[in-house]
Structures are given as C-alpha cells and as structure tokens.
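Coming up is one lone chain in structure tokens, specifically the form predicted alone.
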C-alpha cells in the first residue's frame, strides 16, 4: 500500500468542566505527517496531545478545523470508516479470545474471507515476532508480548495510518527500550504514516523522525530530536527535551543576537534569543549538563562550588554542584581513568560559553 500523508488544519476542542468551567484542550493545531513518517506528539499531561490524536482517529469531534488522510477530508467520517490502526495504552485485548482471534477481529468485522484471515494473521504475528503464539491467551503473556499482539491487530487490517497512544507506558524500563525498537523497525518496514503520542522525552527522541512539542493545547516547536535538543526556541522546550541548567545572571549588555551575562562576577558572551533584554535585567542562561566541566580547585579558579550529589551511571558520572548563587547539574562522560570528584569536595566550575543561550520564556 502506498504511504499517504496526514494533515490537520486548525483543529480546536474545548470541554466544560464542572469545577474549572470552559477548558481549551486544543487551540488551532495544524500539522502534517509526511508519507511514511513517524511523527510524535510530546508534552506534559493535559497538553492536548491525546485529544489531538483522538480527533484524528474520529473518537472526538473537533469544534472546528479539518482532518485529512491523504487527499480525503475525513472530518465528518466515523472512526471505523477512516482506515486507521490504533494501539491503545492499555492494549485493549479481549481476554476471552486467543491471540489469533484478537488479531483477526478487525478482519472478521470487515468480512474478509476465512482463508485470507488465517494467512494475514500469521503474517502479522510473524512481523511482530510472535510466531507460534496463535493459541495463547492474553493472561498467559507478558506485557511486552501483549503490546505486540495489540500492534499486530492494528497492522493486520493494512491501514493507511497507524496511531499509537502512550503504547509503552505500562512496560518496565528495559522492556520499553526493546519494544520501542520493535515499533520503529516495524513502522519503517511497512512504511506506514504514523502519529505517536508520549510524555516520555527519551522515547520520543529515540523513535521519531520529527517531534512536535505541545503545551496548553498549543504547538510550541516542531523539529527533529537534534533540532529540538540543540536549538530549542523557548525555555519550555529546552527544559522538556533533555536535562538543562538554568543559571541566574545579570545582563551587562545586549544586542539582537548576543548578550553579555554576569554570573558570579564573571562575564560571558551568550547567544540571545529573547526580545527586549536590557542591561540590568535578570535572565536565566541555559546550558546542558554535558557542557559543564569540573576541575580541582586552585588559586586561579573563578567560579567555585561544592559537590553535593554524585551518581555513577556507567557511561557517565552525574554531579550536582552548589555554587554561591546557583546549583548546577554536570554530566562527565567517558570517566574511565579520569579524575572523579567526591561529595563535599570543592571544585572549579567551567562553563562552555559557546553553548550558553538565553531563550524566550
């Protein structure tokens, strides 16, 4: 089947809450999933990502806006007419049906020939690496296996579009990593246009072609994992994608692209993306933990701090260091044979000026 694009145009959705009154869940969201792309909606709980997906699926009716699958306007179509495969957070398997019967359910509803059903069920189970599980029941399977059954059930109908709503949230950490790899492999093998919803930043970065960061019903930024990590447009995106330090400073001077920031008496030239920053203003300078280095303190040390936490994580050592006016996270990689620091040790903090930036709030 040829891959199709998905297009949402200015979708809005509001709800009436008994206590909170009118709640705007989605505010004029427009996006496009390219043919064969895996696009992820990422954001905190209540940001509008699941509501957006449910409007695409036909489970929620938008107050306004349009939904297109390929060139077809499906805004007014029922969910079962939209030719989508949906994988739910809780798997939604029928406990009284075998694996084969669960996977076959959508084909039976569509009136597919019995022999064809058997062939396609076997094919789908082979794709998700569950050959031989046809006669098993959901309660006899692990969480990861149940999720793969749900995935097989979604793809067996050969939908134009695949939608996955927090599909890994019920799995343990190691199983999440392996299962997300299986989802990515399968999605690329089928070249199926996919919208994926998660609140897990690492999951989104690992699995997506592009990511949309949402908050309060709005799209904040769209880009690849690399673009969002290295070039966030706002403080919200910078803090949501990966770990980041917000270091308080006083602005000494500023222009459209650069500012001089005073941090504990030391001056740093930083990239400035915030409008109307003036000398004398307070501003948080943002810096990733891996852009900070530590050294043993000496008479020439400028910014000093004390190690208050240390965590050895194999590929890196994470430190929390308290300076005079701020606390900073530091990640030191490839620590084998290198100098490491102990809790309560005084250290020099070295900030990478080239990677500092001030962003819009």
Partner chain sequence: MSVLTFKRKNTDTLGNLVKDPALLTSVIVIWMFLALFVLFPIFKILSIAFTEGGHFELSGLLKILGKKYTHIAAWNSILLGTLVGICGTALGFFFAFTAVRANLSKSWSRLLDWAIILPLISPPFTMAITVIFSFGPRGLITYNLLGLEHFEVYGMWSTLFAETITYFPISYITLKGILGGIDPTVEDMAFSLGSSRWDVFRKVTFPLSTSGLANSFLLLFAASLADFATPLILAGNGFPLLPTEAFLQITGLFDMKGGAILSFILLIPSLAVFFLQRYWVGRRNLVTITGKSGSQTKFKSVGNKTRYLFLFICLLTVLFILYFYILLLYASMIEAFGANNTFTLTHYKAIFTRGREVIKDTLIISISGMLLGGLYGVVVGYITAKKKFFSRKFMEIVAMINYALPGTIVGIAYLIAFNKRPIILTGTALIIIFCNVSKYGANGIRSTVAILQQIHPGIEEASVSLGASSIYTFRRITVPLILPGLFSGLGIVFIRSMTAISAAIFLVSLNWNLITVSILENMTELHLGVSAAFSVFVVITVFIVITGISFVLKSLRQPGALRITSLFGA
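Positions refer to the first chain, counted from 1. Computed from a prediction, not measured in an experiment: that's the story for all the values here.
The same protein also has a form predicted in complex with the partner chain, omitted here; what follows describes it.
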Quiz item: Any of the heavy atoms of residue 37 lying within 4.5 Å of the partner chain in the model of the complex?
Solution: no
Next item on the list: Flag residue 287 as yes or no: does it have a non-hydrogen atom within 4.5 angstroms of any non-hydrogen atom of the partner chain in the model of the complex?
Entry: no
Practice item. Verify the contact flag for residue 148: yes if a non-hydrogen atom of it lies within 4.5 Å of a non-hydrogen atom of the partner chain in the model of the complex, no if not. Key: no
Since only the chain is shown here, I'm wondering whether residue 209 would be in contact with the partner chain in the model of the complex (any heavy atom pair within 4.5 Å). no
In the model of the complex, does each of 321, 326 and 345 have a heavy atom within 4.5 Å of the partner chain? no
Note: exactly one of 273, 236, 88, 268 sits with a heavy atom within 4.5 Å of the partner chain in the model of the complex, namely 88
In the model of the complex, the residue from 65, 46, 58, 70 with a non-hydrogen atom within 4.5 Å of the partner chain is 58
TL;DR on 237 to 245, 259 to 267, 183 to 191, 108 to 116: the one with heavy atoms within 4.5 Å of the partner chain in the model of the complex is 108 to 116
Within 166 to 180, the residues having any heavy atom within 4.5 Å of the partner chain in the model of the complex are none
